[in-house]
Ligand SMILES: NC(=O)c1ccc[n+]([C@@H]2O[C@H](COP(=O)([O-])OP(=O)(O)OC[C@H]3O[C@@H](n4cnc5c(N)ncnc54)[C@H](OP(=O)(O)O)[C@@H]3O)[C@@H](O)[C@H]2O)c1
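Starting off, we have a lone chain in the form predicted on its own, written out as structure tokens.
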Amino acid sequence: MSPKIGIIGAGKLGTALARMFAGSYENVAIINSRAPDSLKLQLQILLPGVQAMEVHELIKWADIIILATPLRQYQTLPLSEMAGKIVVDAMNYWSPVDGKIAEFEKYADSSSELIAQSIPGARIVKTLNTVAYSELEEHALPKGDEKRRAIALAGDDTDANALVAQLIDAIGFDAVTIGMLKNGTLLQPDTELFNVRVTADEMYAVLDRLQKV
């Protein structure tokens, strides 16, 4: 059965992801910080086939929740309601762009591990944060294309990782699992795997080199 995909955040990244997932999956929904009616025109023009929901409704409905909201806003969400869900952290802590956030400034590990602490019981996967929204549709290629770009993911739940890898494949990229959520430090801004345009083989070569350092 096709998973129900709920996207929290209707900005540029959330909109691009919703449009791409709607091309492969029947059940895609999106929310913004306002009422569902505020998305009516956006759905009509940019996101045919995508539903708009209220946040509590979307969290209850979705099998997979994608956090595509600015990082500063994530704690305004009803995080406790996400327990048991697969939650994709597509957010970044990037202080030169978003300003400093004290809790992330003093946290030396993967930002997604800190997100995970705020959502007990959720199955967190860090991915989709390393590709510019404008490149998602531009760089998508069919499976088997030798130039197909890779997108890395990290998470502690093997089944969740596998399901999210399927989503990545469905929208035109090769998924490369890099292990546990703590390895998400390799996917953060100003790292070698952040916003890189490489194939899966090239990404594995980078990972192999980093492991030897």
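These figures come from a predicted structure and were not determined experimentally. Numbers follow the displayed sequence, beginning with 1.
Although not depicted, the form predicted in complex with this ligand is the subject of the following passage.
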Only one of 88 to 96, 101 to 109, 137 to 145, 117 to 125 sits within 4.5 Å of this ligand in the predicted complex by heavy atom distance, namely 88 to 96
request  = Answer yes if any heavy atom of residue 18 is within 4.5 Å of a heavy atom of this ligand in the predicted complex; otherwise answer no.
outcome  = no
query = Is residue 82 a contact residue for this ligand in the predicted complex, using a 4.5 Å heavy atom cut-off?
reply = no
Contact between residue 197 and this ligand in the predicted complex at 4.5 Å, heavy atoms? no
With the partner left out of view, is residue 69 within 4.5 angstroms of this ligand in the predicted complex by any non-hydrogen atom?
-> yes
The one residue among 167, 187, 31, 181 placing a heavy atom within 4.5 Å of this ligand in the predicted complex is 31
Notebook entry, point to check: Three residues, 13, 129 and 133; all within 4.5 Å of this ligand in the predicted complex via heavy atoms?
Noted result: yes
